[in-house]
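Form predicted alone, single chain, as structure tokens, below.
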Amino acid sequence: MVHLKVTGSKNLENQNGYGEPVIMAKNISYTYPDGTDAVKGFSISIEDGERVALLGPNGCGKSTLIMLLSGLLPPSSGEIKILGKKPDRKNSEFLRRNIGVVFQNPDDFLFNPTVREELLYTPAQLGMRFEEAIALVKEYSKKFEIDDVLEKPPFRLSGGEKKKVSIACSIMLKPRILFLDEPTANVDGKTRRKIIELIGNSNSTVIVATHEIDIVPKIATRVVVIGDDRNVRADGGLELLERKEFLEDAGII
């Protein structure tokens, strides 16, 4: 089970200069159909412009938290507000325009016949002019170094190429909030460095779920440490990464 109660969040604006919370979760829980508690009693406030890493070993519930905090999965109990709105059907289009989500497995996300059509899909769904969408695809396919695979079907891409395509689809529309689930897992060194660079250059509020300690200082300034017992152990700054015994006890190293 995951337990987190953030204290002193009302003073965050004075401490870090951010504005109103863009994500507010109060005592949220999620129970699987078989009765297993995946998340229980989770509360957090994330401010506009923050970069938060959900750091924990595989299987500790990070992916479920990403789904809950992004509004893709309704909590069994508790309350979530994203940009001041409840993640319900009435606000679905607003949230789609302001949130980007990158899933751990790109195959869960990529389904169009070609990479070009994949990149054009969300702009079309949001009513963007075709000429503007084409210009975005040209810009971001070059930036992500995928311009030479635009006519390929996504299933024929390498794992690293799939990951870059899925991140490009989310980043190119410059979402207010960007969620990434294990964005650098199972890719080669060059692709890993490129993904870290692109996340680092994003102007979005960023929430990243990862088990890779070394990428955290490059993409985040706040760390929520989740142990292998699914309990949140700490919520703080990058100094948490220096506590070796603490991280060993959490099952991270």
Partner chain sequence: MIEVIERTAKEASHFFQNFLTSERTVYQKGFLQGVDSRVKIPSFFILIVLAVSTFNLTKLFPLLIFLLFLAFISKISLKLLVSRVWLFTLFTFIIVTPKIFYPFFTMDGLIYALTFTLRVLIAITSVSLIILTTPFSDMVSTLRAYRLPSSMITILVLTYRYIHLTFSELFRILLARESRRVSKMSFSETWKSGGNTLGLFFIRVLERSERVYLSSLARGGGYRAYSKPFRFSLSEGFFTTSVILFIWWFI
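Residue numbers count along the first chain shown, from 1. As the structure is a prediction and not an experimental result, all values here were calculated from the model.
The following text describes the form predicted in complex with its partner chain, which does not appear among the structures shown.
When contacts are judged by a 4.5 Å heavy atom cut-off, E151 counts as touching its partner chain in the predicted bound form. Although the partner is absent here, P123 is a contact residue: one of its heavy atoms lies within 4.5 angstroms of its partner chain in the predicted bound form.
Although the partner is absent here, N91 sits far enough away that none of its heavy atoms falls within 4.5 Å of its partner chain in the predicted bound form. Its partner chain is not drawn, but in the predicted bound form it has no heavy atom within 4.5 Å of E139.
For the three marked residues, D107, E117 and C169, a heavy atom of each sits within 4.5 Å of its partner chain in the predicted bound form. Between its partner chain and the residues I215, V208, V223, M67, the one pair within 4.5 Å by heavy atoms in the predicted bound form involves M67. Along 124-138, residues A124, Q125, G127, M128, R129, F130, A133 each place a heavy atom within 4.5 Å of its partner chain in the predicted bound form.
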